[in-house]
Structure formats: structure tokens, C-alpha cells
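Encoded as C-alpha cells, the following chain is the form predicted on its own, with no partner shown.
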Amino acid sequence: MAINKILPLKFSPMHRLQWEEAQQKEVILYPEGMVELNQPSAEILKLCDGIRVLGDIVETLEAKFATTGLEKDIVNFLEDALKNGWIQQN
């Protein structure tokens, strides 16, 4: 599945993103289980608020981490997240 650059990205209502103290990291919880996330993945998903589009997410993260050239990595992760049902585009 390809990410549409003009549609907002939204975290799935069937999943929950939260800090898990036992793992000392952000996780995605869903009825069938849990997925542990690394910090970059969690930062990306936190920005999937149903308002931001891909360009907004890239711009926000590049500014936050004072770097450029993150779009390809962000797109790759978001395409996986979309395939896994963690995010939606409406």
C-alpha cells in the first residue's frame, strides 16, 4: 500500500499507542497482542493524528531532530504501518 501525500494519517482506533513501563518503550496494543516500538517509530505514530499529512510529519520530525532527508525512511515505516492496520488514511 502506498501512502497518499495529501490525505491525513490517523492512528487506528482499533489499536492503542502507549508507554509500557515493563518494556521501557512505546508499544502498540491491540486485541491480538502487542508490538514494541523503537523511538523513531513511536515518534512517527504520535504524529498520526488525523490532521497531519505526510509532509507535515516529515517537516515536524526533521525540525525536532535538526536533520533533513528523513522522508524515505518515514514513508517506508508508514507504508508498513498502513499494511499492519496501525494507521489509516481517509
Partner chain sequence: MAGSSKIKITPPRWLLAELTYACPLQCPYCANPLDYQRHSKELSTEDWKRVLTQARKMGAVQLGLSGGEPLVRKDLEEIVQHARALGYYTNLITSAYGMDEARIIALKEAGLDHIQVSIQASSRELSDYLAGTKSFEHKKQVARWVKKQGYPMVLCVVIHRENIDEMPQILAMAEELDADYLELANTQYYGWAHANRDLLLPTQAQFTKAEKIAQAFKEKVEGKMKIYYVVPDFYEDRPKACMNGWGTTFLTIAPDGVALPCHSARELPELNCPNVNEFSIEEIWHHSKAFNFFRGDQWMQEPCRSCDEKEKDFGGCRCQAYLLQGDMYAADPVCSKSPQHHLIQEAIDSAAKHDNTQNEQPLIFRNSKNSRLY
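Remember, it's a predicted structure, so these values are computed and weren't measured experimentally. Residue numbers count along the first chain shown, from 1.
As for the form predicted in complex with the partner chain, it is not shown, yet the points below apply to it.
S.K.: Wondering, does M14 line up within 4.5 Å of the partner chain in the predicted complex on heavy atoms?
M.R.: Yes, M14 is a contact residue.
S.K.: May I ask you to check whether L29 falls inside a 4.5 Å heavy atom distance of the partner chain in the predicted complex?
M.R.: Yes, L29 is a contact residue.
S.K.: Report whether the minimum heavy atom distance between E20 and the partner chain in the predicted complex is within 4.5 Å.
M.R.: The answer is yes: E20 has a heavy atom within 4.5 Å of the partner chain.
S.K.: May I ask you to state whether M34 is within 4.5 Å of the partner chain in the predicted complex, using heavy atom distances?
M.R.: The answer is yes: M34 has a heavy atom within 4.5 Å of the partner chain.
S.K.: For a quick check, can you give me the residues of 56 to 80 that have a heavy atom within 4.5 Å of the partner chain in the predicted complex?
M.R.: The stretch 56 to 80, when checked against the partner chain in the predicted complex, contributes no residue at the 4.5 Å heavy-atom cut-off.
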